[in-house]
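The chain below stands alone and is given in structure tokens; this is the form predicted alone.
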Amino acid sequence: MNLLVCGGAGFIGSNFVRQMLQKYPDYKIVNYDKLTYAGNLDNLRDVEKNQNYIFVQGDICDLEKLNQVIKEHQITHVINFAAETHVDRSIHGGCKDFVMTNTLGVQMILDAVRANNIEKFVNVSTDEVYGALGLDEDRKFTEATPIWPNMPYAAAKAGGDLMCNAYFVTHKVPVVVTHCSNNYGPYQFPEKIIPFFIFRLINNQKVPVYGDGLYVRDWIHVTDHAAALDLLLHKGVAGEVYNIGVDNERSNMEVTKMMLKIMGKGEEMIEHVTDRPGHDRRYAIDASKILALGWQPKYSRDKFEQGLKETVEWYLANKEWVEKLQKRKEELNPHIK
């Protein structure tokens, strides 16, 4: 396999690249990343000299360069992590970049996949495209759940998903779409709740919890997500959608208290702040379809605290990476506090 990984310098993408290089020493991995503020080549310093790993800086909206890279490296498969992902920025900072990358960018990849007879394309999306569930509802998102996004970020991701379906139906482009729940683990940019809180607690700062803190998310370790995507690259059926989750619903407050305990802090470090507009109450994933395909997550619900502890320990043990990223975050994204 000669694999083009779009957005491979980000959090999930870099973890995926590392796992693929370790598991498949004969595969060629081309990491194609624009290197926006969340793209960080330090995430892959340990593999940058691997003879089967190549980095190319590029934008997925640049169809000419996509085609050039695919031809030059004889790409057979494509997976796309490239996305604008920070919900708060899509609300408060405008959402043009989100539409350009998450919708138009996916369409550009689809055009490149179609033009170059790629064997399979996996587009990595989010459970947020389904909208929200109520706290008291006895149901989860399935692949048949209608797409009904509430956030500008999620709407832009849904646009890319719909393009994938249209290209499969119209042009028979061999695309698989995934909808995954919230990821946690090493190398995550500190705009997301877990690394954001870790960074603040390292500096003995209080952690801001939106509203009542009872917003529920289904948490999955990034290495389990990467393993699921590996399986879908090899066995996923073109034209199909697969939900990825580990049945690990936790409220923001529960996760926050776990982190405080792990880091030896008291609940006085919690600061309730004004809720964000349109905040989805609950996400929950039914992953029966991919489980039936043979995927088995390592960090199941009963191992979440272990995974969270390992994540905190990774950040504490990699202070140089943390400090460098903190400085970079302030330089590139000063509006993210």
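It should be emphasised that the depicted structure is a prediction, and the values quoted were computed from it without experimental measurement. Just count from 1 along the sequence shown to find any residue number.
In what follows, reference is made to the form predicted together with a small molecule, a form of this protein that is not presented.
Between the options Tyr215, Tyr153, Tyr167, Phe141, the residue in contact with the small molecule in the model of the complex by a heavy atom within 4.5 angstroms is Tyr153. Among the residues Ala112, Val78, Ala83, Val175, the one placing a heavy atom within 4.5 Å of the small molecule in the model of the complex is Ala83.
Of the candidate stretches 45-53, 299-307, 30-38, 281-289, only 30-38 contains residues with a heavy atom within 4.5 Å of the small molecule in the model of the complex.
At the 4.5 Å threshold, heavy atoms of Lys192 reach the small molecule in the model of the complex. For Val124, a non-hydrogen atom is located within 4.5 Å of the small molecule in the model of the complex, even though that partner is not displayed. Using a 4.5 Å cutoff between non-hydrogen atoms, His221 does not count as a contact of the small molecule in the model of the complex. Not displayed here, the small molecule is approached by Asn183 to within 4.5 Å at the level of heavy atoms in the model of the complex.
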